[in-house]
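Before any questions on binding or motion, here is one chain by itself as structure tokens, the form predicted alone.
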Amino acid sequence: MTKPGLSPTSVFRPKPLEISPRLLKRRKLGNAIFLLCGKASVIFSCALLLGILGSIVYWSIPAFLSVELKLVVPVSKLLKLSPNPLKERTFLLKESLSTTYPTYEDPSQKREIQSLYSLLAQKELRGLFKDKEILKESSDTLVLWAPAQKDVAAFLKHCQKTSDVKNNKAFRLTEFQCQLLEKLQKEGSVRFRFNWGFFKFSDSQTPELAGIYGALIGSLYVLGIALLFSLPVGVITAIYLEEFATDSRLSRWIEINLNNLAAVPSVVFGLLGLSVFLNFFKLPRSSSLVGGLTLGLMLLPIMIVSSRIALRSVPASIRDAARGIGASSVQVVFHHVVPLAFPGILTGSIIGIARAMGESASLLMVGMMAFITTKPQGILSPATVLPVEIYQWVERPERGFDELSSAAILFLLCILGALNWFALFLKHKFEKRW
């Protein structure tokens, strides 16, 4: 049936679209191939990500476990001795080992037994005899679980087989030590505990005494200084460029350079911090103040760009309505536009902090790779951050630091994931739908 006013032979009548079955089949095949490639790419990306995370978790699990060996301390015997020997560093440990292993009298075997225990065992013994309340409550002997030496801990975590001679050599343990460890395991004189020292200790040359506490405090100092420096300057600059600056050559030139600076490698900002804060202003090297100001320079373009995008997302009708009721330009911006754009500004700031949390190249340029064994006492004292400490642990040849570096990477990934999740939460909670 034809439309009124059109004859069946009219030139204005649209002709039906004819598609050959061969062309239609090729098009469907192309769509199917594209969808298959897309699904394969997603599966490959997810598998690669899970493989990387799984390997990090697998290698970091031993770092969260500490191996402790049983040690019988003869309290009454040590208290009867003169106080001079108690000042010796190894005296308490030697007497406790003699009580714990009375059947081994050979001096070489005693030395091998003593090497099974970590240096932290001596420190815990000295702290035990300083605590008078524990000594009063104890009887003739006291059981103390002392940390094992790094090779012993690695052997008990990974190998646990005395018959494998190759692994025994790899863990640098003698046949006598392996047999003794097997005997202690059967007797229940070996136990595994959660390694709280990983969160309580600072850096050390010994793996069982190393932790992330000092680097974590340094990271908080550095990020706090960077945020205090970059957030106010970045937000105020973004407000001026977006709301008050005229469209001129200078403003366009500034906008182009801001976009370029946001993509500049972080090592360039490290060179800038080295030349300005260290060479010109003579600030202390390796201090949290220098590291925070350097990261602040790196975060400044990111803060400005993200804040401008948040301000630009507010509809122009809000501004027109505010001006219509007699508000000035400053009142329009600070009473209406900025409160509505604040969730976006906050989200961009948190994402910028998450990026700065994992930066190490710029901090290496300002000397924040010092060996710090205590937490920083202030913003001018030497400090280090988590990414730099991970880099140092990876470079060390001692056994145990590879596990610590994996555990620190996992901890850093958890912090970054928490920051990104918090940014998404704020975005969905406070975001306005126009």
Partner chain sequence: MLDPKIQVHHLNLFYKAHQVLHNISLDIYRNQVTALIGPSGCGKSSFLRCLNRMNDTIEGVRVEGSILLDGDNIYGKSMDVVQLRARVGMVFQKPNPFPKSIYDNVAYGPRIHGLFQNKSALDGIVEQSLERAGLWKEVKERLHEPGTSLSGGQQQRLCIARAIAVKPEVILMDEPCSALDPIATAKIEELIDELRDRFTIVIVTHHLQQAARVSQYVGFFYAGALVEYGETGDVFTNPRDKKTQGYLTGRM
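Everything numeric in this text was worked out from a predicted model, so none of it was measured. Residue numbers count along the first chain shown, from 1.
Another form, the form predicted together with its partner chain, is not on view; read the next lines as being about it.
In the predicted bound form, its partner chain sits within 4.5 Å of a heavy atom belonging to residue 325. Its partner chain in the predicted bound form comes within 4.5 Å of no heavy atom belonging to residue 259. A residue is said to contact a partner when one of its heavy atoms sits within 4.5 Å of a partner heavy atom; residue 317 meets this definition for its partner chain in the predicted bound form.
Interface residue remark: residue 335 is counted as part of the site for its partner chain in the predicted bound form, having a heavy atom within 4.5 Å. Only one of 118-126, 197-205, 241-249, 293-301 places residue heavy atoms within 4.5 angstroms of its partner chain in the predicted bound form, namely 241-249. The listed set 142, 220, 267, 321 contains one residue whose heavy atoms approach its partner chain in the predicted bound form to within 4.5 Å, identified as 321. Checked against its partner chain in the predicted bound form, the candidates 228, 309, 271, 340 yield a single residue with a heavy atom inside 4.5 Å, and that residue is 340.
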